[in-house]
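Below you'll find only one chain, the form predicted on its own, shown as structure tokens.
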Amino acid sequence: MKALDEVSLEVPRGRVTLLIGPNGSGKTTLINVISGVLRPDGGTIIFEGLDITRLSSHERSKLGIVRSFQIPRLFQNLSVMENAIVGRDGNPGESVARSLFKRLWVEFEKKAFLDALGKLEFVGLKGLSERRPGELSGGQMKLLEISRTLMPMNPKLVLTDEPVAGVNPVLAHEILAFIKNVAVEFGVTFLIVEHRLDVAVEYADYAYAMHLGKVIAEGEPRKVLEDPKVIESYLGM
């Protein structure tokens, strides 16, 4: 069986698209292929009219494709603020030649700090900026990682793998409401893999369902959940 079998989908710009399906249906594999973690054996990935199929993850991130993971990958020895700032790319201080011009990188870091502070305030973590990730709850760590995905200079497509897994219902709604607000206010596109369908369906604009490596349904989220093929895939019939 192929992990991905002739999967074809289009993610609407500036919207929240939900990707659902039972375990083993190929959702995370698809996210890994889009982000460049895995290279496909065939097919083409088009981003804003550009063929990015052979680009590395680093090259894709420069185009504005970023991602978060089911288990937050944070730097445990850095503060919350430092974890947020590390998501900002293009620091002149990282260049041997440009690092000699202090004015360039000091100004960059000031702007990055203020931007990170704004992002942390937006997700309710401003008061925890000096703490370490280990001092945060699981939900707060997910918020920190999602806020970090918005720190690059031009975030356009954010791929999130189960952003509310293991999070209490109240915080789950807060995380997805934050994602929805970012999509609406800043035009950032989100493709979300999520199993908490009862919560996620309230915030998604469009949905795709996968099973055994194939897309089996797409459309308005609630209608996709009610599709007989989708119900059958979850029941294992």
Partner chain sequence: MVEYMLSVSNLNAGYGKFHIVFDASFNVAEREILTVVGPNGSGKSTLLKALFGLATIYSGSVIFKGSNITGYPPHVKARIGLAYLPQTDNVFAELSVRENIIMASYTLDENEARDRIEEVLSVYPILKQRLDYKAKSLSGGERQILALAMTLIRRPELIMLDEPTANLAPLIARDLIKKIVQLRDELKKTVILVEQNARAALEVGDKALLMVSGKIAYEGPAGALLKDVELGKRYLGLR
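It should be emphasised that the depicted structure is a prediction, and the values quoted were computed from it without experimental measurement. Residue numbers count along the first chain shown, from 1.
Just so you know, the form predicted in complex with the partner chain exists too; it's not on screen, but the next bit is about it.
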ask   = Would residue 198 count as a contact of the partner chain in the model of the complex, using a 4.5 angstroms cut-off between non-hydrogen atoms?
value = yes
inquiry  = I'd like to know whether residue 165 contacts the partner chain in the model of the complex, with contact meaning heavy atoms within 4.5 angstroms.
reply    = yes
message = Since only the chain is shown here, I'm wondering whether residue 7 would be in contact with the partner chain in the model of the complex (any heavy atom pair within 4.5 Å).
response = no
ask   = Is there a non-hydrogen atom of residue 187 within 4.5 angstroms of a non-hydrogen atom of the partner chain in the model of the complex?
value = no
request  = Flag this candidate site as yes only if 14, 119 and 124 all have a heavy atom within 4.5 Å of the partner chain in the model of the complex; otherwise mark no.
outcome  = no
remark   = Applying a 4.5 angstroms cut-off on non-hydrogen atoms, the residues of 206-229 near the partner chain in the model of the complex are 225, 226
